[in-house]
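Let's start with one chain on its own, the form predicted on its own, as structure tokens.
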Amino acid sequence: MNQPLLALSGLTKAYPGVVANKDVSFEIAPGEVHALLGENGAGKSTLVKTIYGLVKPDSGTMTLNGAPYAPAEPRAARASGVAMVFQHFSLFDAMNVAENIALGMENPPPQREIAERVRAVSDQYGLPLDPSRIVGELSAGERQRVEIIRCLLQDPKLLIMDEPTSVLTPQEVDILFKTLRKLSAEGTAILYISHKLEEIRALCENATVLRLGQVVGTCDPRETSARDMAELMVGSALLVPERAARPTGETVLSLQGLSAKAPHRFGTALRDISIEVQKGEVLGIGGVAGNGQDELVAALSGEMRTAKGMVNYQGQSISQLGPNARRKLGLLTAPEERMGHAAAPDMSLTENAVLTATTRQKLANKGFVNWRKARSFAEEVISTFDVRTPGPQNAARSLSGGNLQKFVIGREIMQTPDVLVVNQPTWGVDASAAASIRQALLDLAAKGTAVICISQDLDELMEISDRFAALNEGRLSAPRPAQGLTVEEIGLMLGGAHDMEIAHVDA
């Protein structure tokens, strides 16, 4: 047999109160596309950070091309031929592509040379990208290309990809997969982390499954069903979300000609959005990233004020009310950006619970926080939504992305809002957690809450929505019943087609 490119043997890493990795061993061959699977908190992030030099293991060894490998920092990993594309992009909006790429180089050449190399790599791997474009003007897919090309300029032997398709359109996913297959054919090994198991089945030839920090199995994704992989990850049968009868009919929230300027240079203006949302209804809103989702959430949450009469709650205008006043009335929101927006990174989970739940959970009296009650509420969220953390005293930044997502969504759901607006509710969470979150949203609707679910996951929206609408360049299509919508009709809506065009398709 050929010598493995990377071999891990007995890697163990513990933090106070939790063992992140325990005796992890597996190998990756040159040119292999290897999946690393596991539910949130299974230890995937710690493991890849160890490989990339961000974490030092307590015990165990690694070899790269047969030689001992123990990078003290990412710079050493890159010098050894290991590159990583993180789930969260590390780019500066105001700088162009070439300037951003230069920031990731130890000794960057002149900008003209970088631009030429970017164009050459773009052409070679089918990743169209203009090095002079300002990053803030790029789509999410184009931003990811910047990160990938920055890695490819290092000529890596191993490319680690963490949730690379979470913000991509189906067309952008196809482009990415063609690139990864080309890299694999040239001998570059790829370690691929994703919760989208059908993508794993389409791309990867081997998979290592982690559960609670340990390797619990391996499989060939091409010969294993997505359900079997998910159940191997969680160690139990997978929950199938169920709908219950819902009390619908009464309009709780209405938008009347909602328009707003883009909040910043790289934002999207909202244009004449009119819609009504009823009690007990789940309204699904789809759209490619950057078409006004964040701005719509801000207009609904009160972070972005609008003209009087544009946002109406139970018959009264709330357009000029701020977030706390809207929360007091019963309109709650969970934004897409969990770290820094939905949660303060350096504050504990208890403190993060206080940030949004003080009024509805009565966590303060005469300006003084009842910390015992706040801690109890945080513990209830942690327990109900299976948030993997040693306890509510831990800082938000200590949680994996998926576990923080479960905490953020759970914190809002458990306040029993009259209207809940969620943006990307299952972004970065495993299949089991995603099913639990979707079920929690359906259960909330069954109790009479109006739910607006904004997501780029069309399967998710079709699974839980009663009606579906699409955002395109800040405009919202007329909602249509979700049941019976075809892929072609959804595609037209996402592309900004008018109702007459869709009616023509129906005919």
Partner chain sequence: MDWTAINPILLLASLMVAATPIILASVGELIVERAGVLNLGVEGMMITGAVCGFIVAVNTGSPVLGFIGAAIGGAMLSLLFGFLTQFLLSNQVATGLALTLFGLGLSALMGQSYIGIKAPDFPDWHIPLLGDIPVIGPIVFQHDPMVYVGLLLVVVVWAFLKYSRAGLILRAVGENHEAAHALGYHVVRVRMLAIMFGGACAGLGGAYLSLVRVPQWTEGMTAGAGWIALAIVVFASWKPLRLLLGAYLFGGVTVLQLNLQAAGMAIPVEYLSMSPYLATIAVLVIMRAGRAPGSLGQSFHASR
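Definition used throughout: the rigid core is the maximal C-alpha set that superposes within 1.5 Å between two forms. Positions refer to the first chain, counted from 1. On a predicted model such as this, the values are computed, not experimentally measured, just so you know.
Note that the form predicted together with the partner chain isn't included here; everything after this is about it.
- Residue contact check for Leu54: one or more of its heavy atoms lie within 4.5 Å of the partner chain in the predicted complex.
- Proximity of Glu303 to the partner chain in the predicted complex: non-hydrogen atoms within 4.5 Å are absent; the residue sits far from the partner.
- When the partner chain is considered in the predicted complex, Arg338 lies well away from it, no heavy atom lying within 4.5 Å.
- Contact annotation: Arg150 falls within 4.5 Å of the partner chain in the predicted complex, judged by heavy atom distances.
- Think of it this way: in the predicted complex, the partner chain has a heavy atom of just one of Ala307, Leu355, Ala94, Ala262 within 4.5 Å, and the residue is Ala94.
- The partner is absent here, but in the predicted complex a heavy atom of Arg75, alone among Arg75, Arg227, Arg181, Lys328, sits within 4.5 Å of the partner chain.
- None of 370-378, 170-178, 103-111, 330-338 except one has non-hydrogen atoms within 4.5 angstroms of the partner chain in the predicted complex; the exception is 103-111.
- With the core held fixed, Lys308 shows a CA shift below 2 Å between the shown form and the other one.
- A displacement of 2 angstroms or greater separates the C-alpha positions of Val48 between the shown form and the other one, with the rigid core held in common.
- When the rigid core is held fixed, the Cα atom of Asp294 travels less than 2 angstroms between the shown form and the other one.
- Whereas the displayed form keeps them at a certain spacing, the CA atoms of Arg143 and Lys406 lie at least 3 angstroms farther apart in the predicted complex.
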